[in-house]
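Below, in structure tokens: the form predicted alone, a single chain.
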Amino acid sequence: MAPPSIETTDLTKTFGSFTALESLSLSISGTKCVGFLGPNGAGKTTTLKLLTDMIFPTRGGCSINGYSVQTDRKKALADAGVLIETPEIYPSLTPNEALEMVADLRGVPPAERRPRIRTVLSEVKMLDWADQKVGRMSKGMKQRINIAAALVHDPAVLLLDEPSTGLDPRGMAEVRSIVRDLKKSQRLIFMSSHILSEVTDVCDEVALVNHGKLLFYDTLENVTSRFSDGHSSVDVSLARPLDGGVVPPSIAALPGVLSVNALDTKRLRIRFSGGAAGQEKLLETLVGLKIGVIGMADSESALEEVYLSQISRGD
């Protein structure tokens, strides 16, 4: 069985004199989460609407799992779950009733609907609310039901359009947690977002768009190394505060270390050279210094620096 895939070829959409998307050629294959990143107005929602045949391309085309969305729409979308913008659910319905309706529309056999609905409600952590009226639910809870609706026919491809936008911090965290869990279910997830931390936290790969043009598509690791002159950045967590809040000179003097900054009294941001091997050696040396190292992670600033530099270049 072929892996799930999404492909666009010279995909272009104009509205009068305005070009919303220009010559987007993107080939994605396999089970992973790809972040479709860009500022508001970059062309992300336009792309997702083209992928789902909600609007028609001015030029070019796209396919899902090898089937053309433009010429074989039914087969292309049969194995795709879709959440575009924020659809409303009838407030008088319960999640069970709303998902029963979606399952019927999606052609889920009657005998399979109840167990399938129970499964997706569990996936989005809404099983305990299955028989409550949707109208009484928070926006975050409704969004989780929307994600469940996209999953009810067990698709191999999941298209999400900024799923956490408009939610409060708790709702955003819940949606991101759900997407992380969905990555374990062997699906290809294509998720648009303008939030850097969301892409860094959830996605394996990133495609950056601006003014309707694709700037790059690669793994997060390759993107940050490709645009950072071979340098990397990590955030180091400490068990106890720095003595006097000052970074020990011994850290700045370590081989390969380019700069060290204290983010707060218990966190350091270290920029270094040497790639993965350099990071391994750095961690080993820091632990040996006995300064209370309890964790190291790729710096959230790495993608931010790439994002800002590429977006400003495009402007």
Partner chain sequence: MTATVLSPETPRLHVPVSSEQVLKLTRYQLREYLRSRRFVALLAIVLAVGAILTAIVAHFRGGIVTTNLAFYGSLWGGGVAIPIVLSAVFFGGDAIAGEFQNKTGYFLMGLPVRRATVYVGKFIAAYLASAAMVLLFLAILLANGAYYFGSAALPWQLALSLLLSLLYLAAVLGATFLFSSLFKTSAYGFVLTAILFLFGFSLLQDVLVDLAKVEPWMIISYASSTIGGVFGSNINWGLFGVKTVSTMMVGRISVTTVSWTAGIGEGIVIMIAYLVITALAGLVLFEREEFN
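Whichever C-alpha set is largest while still superposing within 1.5 Å between the two forms counts as the rigid core. Residue numbers count along the first chain shown, from 1. Bear in mind the structure is a predicted one, so any value in this text is a computation, not a measurement.
What follows is about the form predicted together with the partner chain, which we do not show.
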{"item": "Residue 146, heavy atom within 4.5 angstroms of the partner chain in the model of the complex", "value": "yes"}
{"item": "4.5 Å heavy atom contact, residue 53 and the partner chain in the model of the complex", "value": "yes"}
{"item": "Contact flag, residue 279 vs the partner chain in the model of the complex, heavy atom cut 4.5 Å", "value": "no"}
{"item": "Residue 197 within 4.5 Å of the partner chain in the model of the complex, heavy atoms", "value": "no"}
{"item": "Partner-proximal stretch of 248-256, 283-291, 64-72, 266-274 relative to the partner chain in the model of the complex, 4.5 angstroms, heavy atom", "value": "64-72"}
{"item": "Residue among 85, 201, 168, 221 with a heavy atom within 4.5 Å of the partner chain in the model of the complex", "value": "85"}
{"item": "The single option of 182, 137, 102, 172 touching the partner chain in the model of the complex, heavy atom within 4.5 Å", "value": "102"}
{"item": "Stretch 147-182 - residues with a heavy atom within 4.5 Å of the partner chain in the model of the complex", "value": "149, 153, 154, 155, 156"}
{"item": "Rigid core fit then residue 216 CA moved by 2 Å or more between the shown form and the other one", "value": "no"}
{"item": "Core superposition between the shown form and the other one, C-alpha change of residue 136 at least 2 Å", "value": "yes"}
